[in-house]
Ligand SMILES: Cc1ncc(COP(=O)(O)O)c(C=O)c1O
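So this first bit is one chain, no partners, the form predicted on its own, shown in structure tokens.
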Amino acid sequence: MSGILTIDRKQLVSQAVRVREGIPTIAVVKNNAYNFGLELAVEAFLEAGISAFATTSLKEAEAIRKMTDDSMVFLLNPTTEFASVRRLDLSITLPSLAYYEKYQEELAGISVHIEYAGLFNRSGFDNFGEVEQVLHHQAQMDEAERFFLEGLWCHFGYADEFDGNYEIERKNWLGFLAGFDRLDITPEFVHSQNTASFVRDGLLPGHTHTRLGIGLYGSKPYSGLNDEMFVQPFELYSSVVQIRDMDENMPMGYGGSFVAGRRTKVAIVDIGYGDGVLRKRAEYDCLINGRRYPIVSLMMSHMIVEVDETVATGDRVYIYHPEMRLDEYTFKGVGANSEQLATLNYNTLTKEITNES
């Protein structure tokens, strides 16, 4: 048996309720809901009172629509699949003046969210002047030829950092929104705030929704936050399949990746990088019987842990646990919360859904 990923569905629902604090929220469920499972996450978030979802994939948007007829489903990435957008009643991003000029006829009747580039600069309008060109052109068209301006949005790429850039991008975005205020335009959805921004500022002026990702799944966007606000609803563990005694200078693993510096014991655990454990994660520790032990080598299907005489064959070995949080290793530099989740290999791991909380 390889690793086991357990997800507590009740805790996932509770976490969503807790982190959004009653504020209307768009749940980001891209990339298989951060690898939690799209169906699991959407149904849990619906139960938590969320009725709007965002993804980057048309395939995922279609799957969401099959689960909920009346939710707003928003495609974060630009698309040209306009027939599918209409068939599924999706909302799409309007990412640039050039995109509008190329596809203005195809956009007729489609709900769009105008995107602002901001400091993140991945996509979006650079300034309100470009938006005014679009709005002016729309005003000259017959009503049946126009798109429906449903929303405004941007992405805060610096909200989890404290170097002053977040304050700049927030100010620029609010200045961009002021242009719509001057024109007395009030879309149904105004959303820019990821978990980090929302925790720092609450709902920003002029906003109707948050757009939360990693916080819904129980991970902190930056260090120093209260564990009680972010409760991790999953565990990843495997088991000890063998205990070996090693003499000083004895090598083990690929190319002798671990060489004992003294007589010691090691546990062979049946989980490895083929199951999605990052090599950087394996530079740290694991949890066995409530105690931390160093991981000393990682292989495709196994890892080696230096242990003591209290560890035995069959003991559970936790990679992630409420006492060994994923975000702890984010802050140690292993990789972003989403990166650590995205690598988990569902083809080799056993996934178990519980309702324990």
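From 1 onward, residues are counted along the sequence shown. All figures in this text were calculated on a predicted structure; none of them were measured in a lab.
Omitted from view is the form predicted in complex with this ligand, to which the following refers.
Residue heavy atoms within 4.5 Å of this ligand in the predicted complex occur in exactly one stretch of 263-271, 128-136, 150-158, 282-290, and that stretch is 150-158. Though this ligand is absent from this view, in the predicted complex it lies within 4.5 Å of a heavy atom of just one residue from Ser238, Gln232, Thr93, Asn194, which is Asn194. Screening Arg86, Lys102, Arg122, Arg244 for any heavy atom within 4.5 Å of this ligand in the predicted complex leaves a single hit, Arg122. At the 4.5 Å threshold, heavy atoms of Ile64 stay clear of this ligand in the predicted complex, well away from it. In the predicted complex, no heavy atom of His209 sits within 4.5 Å of this ligand. The closest heavy atom approach of Tyr329 to this ligand in the predicted complex falls outside 4.5 Å. At least one heavy atom of Val28 is located within 4.5 Å of this ligand in the predicted complex. Shown here without its partner, the chain carries Ile7, Phe36 and Ile319, none of which come within 4.5 Å of this ligand in the predicted complex through any heavy atom. Along 63-101, a non-hydrogen atom within 4.5 Å of this ligand in the predicted complex is carried only by Leu76.
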